[in-house]
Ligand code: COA
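Here's a solo chain for you in structure tokens, the form predicted on its own.
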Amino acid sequence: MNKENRIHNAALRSKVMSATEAASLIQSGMNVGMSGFTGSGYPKAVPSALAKHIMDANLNGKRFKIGVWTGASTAPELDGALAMVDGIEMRLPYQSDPTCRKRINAGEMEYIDIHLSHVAQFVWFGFLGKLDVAVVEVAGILEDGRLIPSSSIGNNKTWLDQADKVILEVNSWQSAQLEGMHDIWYGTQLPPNRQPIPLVRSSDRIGEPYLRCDPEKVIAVVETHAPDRNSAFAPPDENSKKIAGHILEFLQHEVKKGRLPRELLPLQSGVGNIANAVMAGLNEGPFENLTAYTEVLQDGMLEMLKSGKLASASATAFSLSNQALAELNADLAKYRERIILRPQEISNHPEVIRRLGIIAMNGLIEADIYGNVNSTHVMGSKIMNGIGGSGDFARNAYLSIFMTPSQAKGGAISCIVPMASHVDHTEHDVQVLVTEQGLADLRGLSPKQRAKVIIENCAHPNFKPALSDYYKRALEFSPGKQTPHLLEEVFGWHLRALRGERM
């Protein structure tokens, strides 16, 4: 398809305008819901045009800021461009942009870090205020006005339903063969009228392949032809391979013990090189007919689909390298039957995660000796990205696995610490902790038992003696013996790091 025949609805075609014209319809103080999830399916033209509009306003002495709501992270053309001109008053629910991060940590931008499954319902409940405008990328518009979703869905269904006004970007770069891959469920109700989500297998389709939108709300349609921002992943390093090896060995052990079926249970994997290394290990491992129920489909899962190890994958977005994306688009008709993209309120829904029995595997910044996990903050106060969907999966998974190298910053910092400087996942939601040093199975263990296993199996040898010494003294001198700590020195490791010293 070319740009001219991606818009088949006459009424919406009459609303085609430039990105600059569309951006001028967004006013300062508005909350704007934008499409986009991990660099896929975000609007390519309107945010950049809006950034220029904001910069011009600022130069004329007019303060211009908006609230930016998305599915998750986006791209430099959206987050980066708007943050560069100081145009974001409030950002939610997740970001990974360096300029955004810098402004947030400098106190120049407000940021609400939210479980991704909560965002849509919070908007429906009215908890976040009024959603003024939605800016959503689609791959096409049908004659009856239904929308062909793009390479991510995220919160697009909610943005289109809840926004007062809608701006559509129709991106002809996105493959026309995306049509039919999506599954949009319109059965969500507000309490007390909610009904069970009728999804009992990860491969179930319970909705329809198109997004609905009241054409009367559409104030602009912008035609684009621009690629997604694709993330390049480094080849797995030795630490990543070791972590993957520990996880595969553990899963095989669980099968032998009868706690997992031979084809395992649906897999969820966070974003990053360690996650891809685990997928590579599974692709070479003994398990067959695997399934995935996750947020993001990365290179590793695409390789598993290609090899046949993975029978099907459900997600809300792609996050692929250039090479993997080219492979996907070259054979999209085949993959379309085995990949389902859903709204994130379904891909991350606790009800579905618990029913399916997900094996959740996510990364972290640091974990403490009792298994509390910090996924979001460096040294307790500086945001890195956000909790994303890790909490949705960790609390409700059949198996909740967190993985990390045992040390960072060239060995100057231990990723296993006496007490986490910020906690996103409490010890109650962390069942397995893995580093390249080994795996700690924390199920059925008390806090003191957990501490011994984590220090012994997961800590780096350079830090293990100090952690053991801390725990021994805490056990002796702590006023409480359930979770022993020495409060006068518990953050001493972090304080030394902040001074530029070795932990």
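Note that residue numbering follows the sequence shown and begins at 1. Small disclaimer: the values here were computed from a predicted structure and weren't measured.
The protein also exists as the form predicted in complex with the named molecule; that form is not presented, and the subsequent description refers to it.
- Within 4.5 Å of any heavy atom of the named molecule in the predicted bound form lies no heavy atom of Ser150.
- For the chain shown alone, Phe318 is not a contact residue for the named molecule in the predicted bound form, no non-hydrogen atom being within 4.5 angstroms.
- Among heavy atoms of Pro405, some come within 4.5 Å of the named molecule in the predicted bound form.
- Within 4.5 Å of some heavy atom of the named molecule in the predicted bound form lies at least one heavy atom of Tyr94.
- Only one segment in the set 336 to 344, 133 to 141, 153 to 161, 272 to 280 has residues whose heavy atoms sit within 4.5 Å of the named molecule in the predicted bound form; it is 272 to 280.
- This chain is drawn without the named molecule; in the predicted bound form, the residue among Ser117, Ser375, Asn171, Ser73 with a heavy atom within 4.5 Å of it is Ser375.
- Just one of Gly371, Gly87, Gly389, Gly300 comes within 4.5 Å of the named molecule in the predicted bound form, counting any heavy atom, and that one is Gly389.
- Shown without its partner, the chain has Ser375, Val378, Met379, Met384, Asn385 in segment 368 to 385 as residues with a non-hydrogen atom within 4.5 angstroms of the named molecule in the predicted bound form.
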